[in-house]
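To begin, one chain is listed below as structure tokens, in the form predicted on its own.
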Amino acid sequence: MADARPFHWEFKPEPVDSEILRIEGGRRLEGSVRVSGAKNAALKLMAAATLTGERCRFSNVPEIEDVRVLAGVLTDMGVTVDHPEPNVYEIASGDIDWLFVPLEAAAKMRASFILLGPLLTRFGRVIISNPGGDRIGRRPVNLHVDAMRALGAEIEYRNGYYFAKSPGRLRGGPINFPQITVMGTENAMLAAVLADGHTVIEPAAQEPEVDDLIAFLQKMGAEVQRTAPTRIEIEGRRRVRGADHSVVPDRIEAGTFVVAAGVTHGRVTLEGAPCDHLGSFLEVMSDAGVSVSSNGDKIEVDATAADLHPLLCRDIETQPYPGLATDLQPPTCVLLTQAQGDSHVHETVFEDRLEWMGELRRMGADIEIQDQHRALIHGPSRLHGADVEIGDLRAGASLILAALAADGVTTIAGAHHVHRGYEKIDQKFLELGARIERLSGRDVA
């Protein structure tokens, strides 16, 4: 299926012992910060560029490890990937003859699986590893595979790899997911763009990053429309063209900095913020007593006199968009440790997303983890510095928030997880007045 030439991995991770953060807490954050482009949009846009041999240019791309990993995977397949200036990537996918996504990439970044749809529909074949990613519960890709099969693909699973091929063009048709899946929706959409005929995806994810991908595909000449809140329809075309696109701002990063202002009783302005994408989250912040105002692409947070309230009237319950994003649940929980009373948390998306709270309890938080999906937070807790370890991307950012609010010094190991998804997060906090430094394991041994 693919040439037998050796695989050369170019983007190696930094040694884990170099990924440590030391934070001195108890300082109020003040100032302005610009929100970076969305990780969950940029990676899918880069994958979409493989649908054409023409050049695609992306601006506002976050300078994060996941983007560098995907750029390395594309380069090793024979795709031309240029990085002419910060936050700009140019991708040209000519005739790719090495249609193989290796275990090394998949183990570091689950989003590598988004290459299944575009490579399969354009080239008719691909070998792709079962993905890895954050340890936050089951994240099966069977929905992606079933969607490809619904379009006529033949897929076998052997020795940790999916061997996918299409006897001719994929065929458009109905794709009915048993549940909402964001990346499954995106993979199905990318595959259907070059398929023969009409495809209807239901229920389709409504996340802003999905709509950002739709906007880019339309610039490429694809016939893709959201015809109902949870329905996307595609009329397949034989080819699409290159296009330029600016990545949508990252709503998860924006929410993280809103919480940072709240837990430090600070005053922070977010520039370039995706205000329209944060409705449910900003409602939760308002209910908790954080003063937040939004205007255009600016969010202003003033928590200097905040009296944080527990959320007694309802659970903090994560839901697919437009509900509260699961990626914003961990930072919200940090805020609730400082509220004057008890708050309930219900994580509906991932089974193990509450496990990180064990590290938060080491810092003094009073939390009862009731089961895989529910927790009870007793506030307020006086957080204190401790030695903690990051287990996944969003939990890592949340431990930074807890350290900023804590008395004393916190040492956070495993910070490479955070650098996967947040652009220069330590530098941004420094500019807001935080005391934070990046150290190697040898420095703290």
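Predicted model only: the values in this text are computed from it and were never measured. Don't overthink the numbering: it's just position in the shown sequence, from 1.
In what follows, reference is made to the form predicted in complex with a small molecule, a form of this protein that is not presented.
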task = Tell me, yes or no, whether residue 224 is in contact with the small molecule in the predicted bound form, where a contact means a heavy atom of each within 4.5 Å.
result = no
query = Are any of the heavy atoms in residue 410 no more than 4.5 Å from a heavy atom of the small molecule in the predicted bound form?
reply = no
inquiry  = When the contact criterion is heavy atoms within 4.5 Å, does residue 140 count as touching the small molecule in the predicted bound form?
reply    = yes
query = With the partner left out of view, is residue 181 within 4.5 angstroms of the small molecule in the predicted bound form by any non-hydrogen atom?
reply = yes
All of 45, 416 and 419 with a heavy atom within 4.5 Å of the small molecule in the predicted bound form = no
request  = Select from the listed residues 220, 79, 349, 367 the one whose heavy atoms reach within 4.5 Å of the small molecule in the predicted bound form.
outcome  = 349
remark   = The one option of 267, 169, 110, 83 with any heavy atom within 4.5 Å of the small molecule in the predicted bound form is 110
request  = Would you point out which of 143-151, 359-367, 256-264, 211-219 contains residues with a non-hydrogen atom within 4.5 Å of the small molecule in the predicted bound form?
outcome  = 143-151
